[in-house]
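A single chain comes next, written as structure tokens; it is the form predicted alone.
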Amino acid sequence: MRVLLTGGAGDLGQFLCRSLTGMGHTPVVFDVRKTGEASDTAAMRALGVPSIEFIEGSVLHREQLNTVLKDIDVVVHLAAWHGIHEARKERDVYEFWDLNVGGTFNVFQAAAENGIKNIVFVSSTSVSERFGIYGHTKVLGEEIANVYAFRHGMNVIILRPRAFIPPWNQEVYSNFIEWARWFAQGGVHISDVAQSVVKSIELLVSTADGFEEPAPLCLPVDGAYEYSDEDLANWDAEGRGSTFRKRYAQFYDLALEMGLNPALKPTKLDISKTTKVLRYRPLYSMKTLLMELRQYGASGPYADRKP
């Protein structure tokens, strides 16, 4: 199966390339930039798996999109400027509009013109910040997805992950500890986001007759938690850091040593629909993080990974 990944040279696209080739599929990476993972097909051929195809280009180029979408089975639309670009003022409102709104329209329209029915659109929990620049573009992107699902009978899954920039992205996180302090607030690991995308693809291709209703499935994506709902409702009722100590007593001193705040209450999303529909089971949790800190120290398990 040929899966088009718009913006596939980014962090999530690279992760998906590994997952999809491991399943025997062919990722077709469509991006303005090349990466080693996306362009080096020789190693994949040596492993006996389909090569990763790379096409240099932009979702802003309509004619090129129509060419790229020939012989594609599923589109995974990733290309976007993200919240970090707004927070750092690295992109202006016009750039957000052009890529996140115009680019999303181009992808859905080109898919419709090429008879493609299966699309995964990676949105964001930032739709709750609809008056922000980034959040607004994601709201509009989801509206485009809704329109094309109804107008063209497309099977569309909208995923709403919370932020998932990986710890090895040194443009955002200077080290593993900085990422760990962010994750401790309640987060999702990029590996779990990739899992949600793969399971979305599997659902789309297994639903030959389409969804029962001509509307996209809209599913939040969060990480795994050892904390129960009762833990969160009665957070630190027995004193500062008591809930953390209840779940991670063997890691309490380590957390303090590494600069984590045991009293920090994480936010947790309701992903019951996601787990039911996709059979999504997030694997990376606070316990996973703490085990990595104990094994690898402050440098984390990705110290030797190229940014």
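Quantities reported herein were computed from a predicted structural model and do not represent experimental measurements. Residue numbers run from 1 along the displayed sequence.
Below, we turn to the form predicted together with a small molecule, even though it does not appear here.
Taken together, the three residues L78, H85 and R162 all come within 4.5 Å of the small molecule in the predicted bound form, as judged by their closest heavy atom. In the predicted bound form, the small molecule stays beyond 4.5 Å of every heavy atom belonging to Q195. In the predicted bound form, the small molecule sits within 4.5 Å of a heavy atom belonging to A9.
Within 4.5 Å of any heavy atom of the small molecule in the predicted bound form lies no heavy atom of F176. The small molecule in the predicted bound form is approached by G57, whose closest heavy atom lies within 4.5 angstroms of it.
Stretch 164-172 is the answer when you ask which of 199-207, 164-172, 144-152, 111-119 has residues with heavy atoms within 4.5 Å of the small molecule in the predicted bound form. Only one of the listed residues (R33, K246, K70, K276) places a non-hydrogen atom within 4.5 angstroms of the small molecule in the predicted bound form, and that residue is R33. Interface residue among L99, A180, I158, V74, judged by heavy atoms within 4.5 Å of the small molecule in the predicted bound form: L99.
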